[in-house]
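Below sits a lone chain in structure tokens, taken as the form predicted on its own.
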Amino acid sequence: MSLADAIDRPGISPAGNAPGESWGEWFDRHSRTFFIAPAVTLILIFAIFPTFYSIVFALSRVRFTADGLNFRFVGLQNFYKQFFGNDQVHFLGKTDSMGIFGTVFFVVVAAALLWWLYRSLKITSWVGMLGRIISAVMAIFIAWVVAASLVSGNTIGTLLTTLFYVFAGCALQFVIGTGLAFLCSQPILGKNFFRVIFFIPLMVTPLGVGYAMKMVADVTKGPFEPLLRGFGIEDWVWSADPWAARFVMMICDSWQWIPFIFICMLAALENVPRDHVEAAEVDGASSIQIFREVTWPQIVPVAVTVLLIRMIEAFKIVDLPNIMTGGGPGSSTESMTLHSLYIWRSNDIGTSAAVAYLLLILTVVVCASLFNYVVLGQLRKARA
């Protein structure tokens, strides 16, 4: 409070204390500020400040010297080389030759997105339209990368590998986790035992999961070796095949994170009012109809929240590919987080920060788009 304000407001002294108010009473009056100040200070020191300081790294060429770090401003050069420079194949994959199927795929997806934007002009405010344009631009760019690399039969980069882990992995985890939760919510024998068993993988450290899955997936000495030999598969090595390695990585990641989906969805299913289900059973509804019309609308808020949390975590996958394959063969199992880590290990801190910010932008746009255009739509449908 300024001195002029204190003079204009009688009863308040220039120091901010009311007449006759002790320091203890003044402290009580401002206690909320003092209690929240340590948390705000810690957030500023350990979260916000490093986030903005890393922008300096992303826009600079950083070199280690005897006196510390030497910064040379290079603008967007660290970002540029991920899309057009010497790291393009590593990040985007091989996109220099698009086949006929890739061209058709890209044209169809781009036309559908542009039509969606055109229809949104009449029903969306300018703020909402800006968000839709950002989402559409990101989707068109990803469609171009998919068309030029994956659909055209070329190698993919860490961008599409990360999206594979996110969409394919999270979809598999959600389906299995929800299915197990639904089974354990039924009156079956031994369900408490299975609840404990299903939850155990989540309590194992990621490092332990990585080494355990590496031993389990060993096709020469692992537990599946007799089964593979029975099918005549003896010389096959999954870690030498790019897509086999990606699928093994996705399965191992699912083993670790299905318990998270399971425990959250189990809590949601057990909170569904039993009388609603019994009323549907009396009306002659089948189990599928009960789940679709009664149970699912009531667990949608929990389901979409859990899925969003899991997707955000999946974007940051780094432990399993680092431990099990080291990102190989080549860089086929390398996520964007692991990509950034390897660049950081080579002391190229600026490029590492740039890749980390590209991952941040991708995560925010994808998750915000999913929430706004899919999640909110499901919530409106469930409430209708």
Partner chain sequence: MSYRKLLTGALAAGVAVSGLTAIAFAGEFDGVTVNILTRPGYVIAGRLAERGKEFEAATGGKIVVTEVPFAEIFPKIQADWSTGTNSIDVGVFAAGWGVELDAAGLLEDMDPYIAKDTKLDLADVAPYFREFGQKVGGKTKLLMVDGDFQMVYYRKDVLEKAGLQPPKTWDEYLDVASKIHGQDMNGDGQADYGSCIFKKRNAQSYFAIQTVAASFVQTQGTAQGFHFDGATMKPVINNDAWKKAFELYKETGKYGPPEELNMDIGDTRAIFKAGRCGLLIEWGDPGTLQLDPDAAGVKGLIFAVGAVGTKEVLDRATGKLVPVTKENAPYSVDGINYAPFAAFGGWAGAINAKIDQKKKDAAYAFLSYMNQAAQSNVDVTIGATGYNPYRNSQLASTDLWVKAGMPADLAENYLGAINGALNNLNMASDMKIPGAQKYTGVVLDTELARYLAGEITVDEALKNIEAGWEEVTEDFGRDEQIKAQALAMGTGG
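Just so it is clear, the structure is predicted and the values come from calculations on it, not from any experiment. Positions refer to the first chain, counted from 1.
Heads up, the form predicted in complex with its partner chain isn't pictured, but that's what we're talking about next.
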| query | Any of the heavy atoms of residue 65 lying within 4.5 Å of its partner chain in the predicted bound form? | reply | yes
| field | residue 275 within 4.5 Å of its partner chain in the predicted bound form, heavy atoms | value | no
| Do residue 239 and its partner chain come within 4.5 Å of each other in the predicted bound form, heavy atoms counted? | yes
| residue 319: touches its partner chain in the predicted bound form, heavy atom cutoff 4.5 angstroms | no
| remark: None of 57, 342, 315, 357 but one has a heavy atom within 4.5 Å of its partner chain in the predicted bound form; the exception is 342
| message | Can you tell me which of 190 to 198, 307 to 315, 175 to 183, 89 to 97 lies within 4.5 Å of its partner chain in the predicted bound form, counting heavy atoms only? | response | 89 to 97
| task | Any residue of 29 to 46 with a heavy atom within 4.5 Å of its partner chain in the predicted bound form counts; write them all down in order. | result | none
